[in-house]
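One chain comes next, on its own, written as structure tokens: the form predicted on its own.
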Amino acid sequence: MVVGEVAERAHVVVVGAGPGGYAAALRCADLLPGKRVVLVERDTVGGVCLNVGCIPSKVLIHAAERAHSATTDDTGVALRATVDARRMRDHRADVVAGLTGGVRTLLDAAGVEVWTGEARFSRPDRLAVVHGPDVRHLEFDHIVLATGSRPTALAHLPVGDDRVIDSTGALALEEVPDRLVVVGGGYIGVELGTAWAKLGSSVTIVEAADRLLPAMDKRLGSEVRRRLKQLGVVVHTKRLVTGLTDDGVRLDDDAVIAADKVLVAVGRTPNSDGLGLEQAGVTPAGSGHLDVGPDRRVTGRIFAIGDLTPGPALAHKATAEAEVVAEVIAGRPAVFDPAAIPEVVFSDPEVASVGLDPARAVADGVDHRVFRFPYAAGSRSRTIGSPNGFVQLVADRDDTVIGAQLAGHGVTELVAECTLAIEMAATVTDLAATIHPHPTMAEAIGEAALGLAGHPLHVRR
């Protein structure tokens, strides 16, 4: 059935039900009681992150670590592990279903209407929402675009080929591939390549830049590469995959790497096409991103958040931006101006970064000091058999903490303390004087602060 041209009306429409989109819808419903809030999603509530990204990948990584640790444990406890890729996939689906179901419950309780379909502007204040043969028209006072991004495709490595997969396909594998080539050594390629290596696949990572995790501090990439070598993962940097061969891929020097599966993980592309933005008078940048002001406004009534906008493509950035948008729509003063946004990679070891790293401080002309505390000098890391890694703190000339880079067990949790320190303009003395519980991994942050203060405790001056 095709619904006629008569349009319904909502005060706020949010397009895209990922972490940023559903957060915006929930917060708008909270701040605007009695106003109609409609959330439009073409696929499943939760978006890429909950359904085929952040969440299922971390379930896979956790399972891979359990399988691997069972075969390498040296505490005196002998374990055995078997891997059933199909059962692992089903478990990931159960976790995803539980979380997306929880989001659905929250939306229902808040009175947010959820429409399924593809949204496209027909004019600056009106959308057509298409779902199969049905078309509904929706006019609005405010609209929040939160359509996220998709894996960047490579013409010479078409995902339609049976051997070539993207990050979504890598999470849907029903069998452990004997030989896996990962094209791209950023966080997605490193995370998934490490996981499948621990599950028994022979993995090769090919990265065009001169190091792994090229967007992060070089020491973090070095820690990860060292561990990948121990896991048997082959890493090629400053190399390009130029195409497929009968049994693998060809590199730019004509070398051939055998592969049963080829995972393309070279970045993400904003989902700004297909929205009919020209009908709203909006033109994306060449990268596909939408330019926004500090209030996340694109035009008077159009807002954009998340991967559609410049900056790191991170779920927690989108959620924070959603809060700002809802406040602005509700008539409250708000801007998105964080002092720092943490970035984390669930590699082995885990790595995290927030604020300025030494190279960026130099590039920005910031007078700074750095101290790096090795995990091996901490007691907790030894008790759990994970001594690899470090906590590195960066402070400016006034001893204000301006950055932190961490590698090692649990640093994806520890970086939150460093982020708070930067947001609050904490000094080195503030961190050093904060009593950290013993024995914990968090002590490394206090120890690094003591080092910056000039009196390290568990390492030599």
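These numbers come from a predicted model, not from an experiment. In this text, residue numbers run from 1 along the sequence as written.
The protein also exists as the form predicted together with a small molecule; that form is not presented, and the subsequent description refers to it.
This chain is drawn without the small molecule; in the model of the complex, the residue among V95, V135, A85, A209 with a heavy atom within 4.5 Å of it is A209.
The listed set F121, F390, W115, F346 contains one residue whose heavy atoms approach the small molecule in the model of the complex to within 4.5 Å, identified as F346.
Not one of P358, V362 and A449 places a heavy atom within 4.5 Å of the small molecule in the model of the complex. In short, of 168-176, 272-280, 223-231, 259-267 it is 259-267 that has heavy atoms within 4.5 Å of the small molecule in the model of the complex. Remark: L154 counts among the residues lining the small molecule in the model of the complex, judged by a heavy atom distance of 4.5 Å or less. In the model of the complex, the small molecule lies farther than 4.5 Å from every heavy atom of P284. In the model of the complex, the small molecule stays beyond 4.5 Å of every heavy atom belonging to E321.
Looking at K35, you'd find every heavy atom of it more than 4.5 angstroms from the small molecule in the model of the complex.
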